[in-house]
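Next up is one chain by itself, shown in structure tokens, the form predicted alone.
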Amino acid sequence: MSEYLLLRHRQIPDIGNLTVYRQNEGFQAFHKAVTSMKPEEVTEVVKASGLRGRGGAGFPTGLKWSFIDKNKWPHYVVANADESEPGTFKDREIMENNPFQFLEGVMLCAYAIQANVAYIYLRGEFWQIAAHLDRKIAELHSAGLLGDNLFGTGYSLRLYTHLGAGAYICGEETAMLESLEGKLGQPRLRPPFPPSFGLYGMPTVVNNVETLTNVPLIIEKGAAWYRGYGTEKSAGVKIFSLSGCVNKPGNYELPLGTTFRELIYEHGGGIPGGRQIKAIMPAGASSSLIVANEQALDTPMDYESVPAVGAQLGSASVIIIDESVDIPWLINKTIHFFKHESCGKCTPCREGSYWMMHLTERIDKGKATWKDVELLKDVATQIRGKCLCALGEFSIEAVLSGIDRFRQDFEARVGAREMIETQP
């Protein structure tokens, strides 16, 4: 990027210092919104910008804000800083290095829905970042940017951080709300959805850290300016967390619509040892495995194009798999994670992940028959569409896509002769 919108610390030294941030137009958008814009006008600008949720779902941000129930009060904002998806590490970099832009985004969202209290929910392992944000929030109070009757208006706002206990499931918004309320972090049955029944049963907007960090620049520079980045239906920039079998892993801020090929070979430096790329997981452990052929590599990374090659963009935590990686081994790793992180509330996910783990272990150790592979596929298929939240759905993506698209890896594990004998 010639100009960073989110990872601005890479261009502006010490932007995590409040004085430096304000010297670079920091909090001008918040001041503008509170003193000269109606709350619904802020929502309309965000809606017009085309900003979509960066946490994985890609739901239009302004539209989510507009769903807030205006007949029930108080309203709340919860910033999702759980970031538990294996392969995702973008939000951490923002909070550590460009915290005020993120906090200003939280504050703008709160003003847009007229919330007077906002919470930042962080995974338990982020305790140092929580302390870091607490110090930044205290600075905002001292500077008169948080508190009562801001800028001489009647609007008041306070921010708080809240640490979870390191549970992946709390990245799911309703499980996060349950955890914030002091309950077990388990998903709620939906509907009702958080904009009508959220934290403490009140209307709540939940947005990801990266999503909110876009908002100050959108309010400051306008929706049309933001739409100058990305594609028509996937506007703006995205932070791609690149990892796996790649020479230069890291966070890369690029316009949506950039191809996998550019990310992997121009920015990521290609595959170690000159090996061939085998598969791509575009959304971390939750992703389907994409066969890394020419079509896939030339696919634009946006919310509309990635499904054409059999996956979702999700949080854009792009994991690269080269020819040295065995797919049954990879799937066994992902299933161990999902089995461990299943909250146990719904039977299909709890029991399905348990049995998938045992089957993938058997296959990975070379002790399985082809019937075990077929049983694994059947178990995964039975989970689909039957869970309270997306964790169960996520757990089967690599399994089903791996068996269907990398059959030869499974054949090698069970033995070609065994496979032939057991096929009808």
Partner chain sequence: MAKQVTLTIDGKQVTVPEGTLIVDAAKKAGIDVPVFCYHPKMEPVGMCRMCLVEIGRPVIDRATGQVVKEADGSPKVQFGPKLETACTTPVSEGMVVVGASEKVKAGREDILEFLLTSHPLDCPICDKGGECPLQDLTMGFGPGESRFIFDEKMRMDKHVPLGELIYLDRERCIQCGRCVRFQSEIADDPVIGFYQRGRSLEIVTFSEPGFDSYFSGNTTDICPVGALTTADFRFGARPWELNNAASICSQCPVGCNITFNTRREARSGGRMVIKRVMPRQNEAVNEIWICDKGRFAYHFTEGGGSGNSERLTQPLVRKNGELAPVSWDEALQVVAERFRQAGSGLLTLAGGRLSNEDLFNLRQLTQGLGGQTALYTQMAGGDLVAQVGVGQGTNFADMGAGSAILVVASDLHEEAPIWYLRIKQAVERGAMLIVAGARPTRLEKYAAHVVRYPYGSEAAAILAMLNSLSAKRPNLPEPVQALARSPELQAAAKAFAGAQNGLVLYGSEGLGLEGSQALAQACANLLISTNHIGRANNGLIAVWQRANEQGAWDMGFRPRTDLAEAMKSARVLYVVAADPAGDDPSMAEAGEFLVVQELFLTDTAKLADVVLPVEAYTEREGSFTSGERRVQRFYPAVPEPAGLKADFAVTGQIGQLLGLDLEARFASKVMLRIASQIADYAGLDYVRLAEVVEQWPIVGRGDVYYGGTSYENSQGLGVQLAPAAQRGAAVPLAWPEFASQSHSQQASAEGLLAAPINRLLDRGQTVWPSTLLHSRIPQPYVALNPADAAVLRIPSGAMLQVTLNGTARLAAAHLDENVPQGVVLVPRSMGLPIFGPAPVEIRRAEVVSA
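A quick note: this is a predicted structure, and the numbers were derived from the prediction, not measured. Residue numbers count along the first chain shown, from 1.
Below, we turn to the form predicted in complex with its partner chain, even though it does not appear here.
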query: Partner proximity in the predicted bound form: Lys47 to its partner chain, non-hydrogen atom cutoff 4.5 Å; finding: no
query: Non-hydrogen atom contact Arg350 with its partner chain in the predicted bound form at 4.5 angstroms; finding: yes
query: Contact of Trp355 with its partner chain in the predicted bound form (heavy atom, 4.5 Å); finding: yes
query: Close approach of Glu41 to its partner chain in the predicted bound form, 4.5 Å, heavy atom; finding: no
query: Candidate from Lys386, Lys365, Lys70, His31 lying within 4.5 Å of its partner chain in the predicted bound form - any heavy atom; finding: Lys386
query: Position in contact with its partner chain when the complex is considered in the predicted bound form, options Cys346, Ile271, Met301, Val237, heavy atoms within 4.5 Å; finding: Cys346
query: Complete contact of Gly166, Leu184 and His340 with its partner chain in the predicted bound form (any heavy atom, 4.5 Å); finding: yes
query: Option from 376 to 384, 22 to 30, 61 to 69, 47 to 55 whose residues, in the predicted bound form, bring a heavy atom within 4.5 Å of its partner chain; finding: 376 to 384
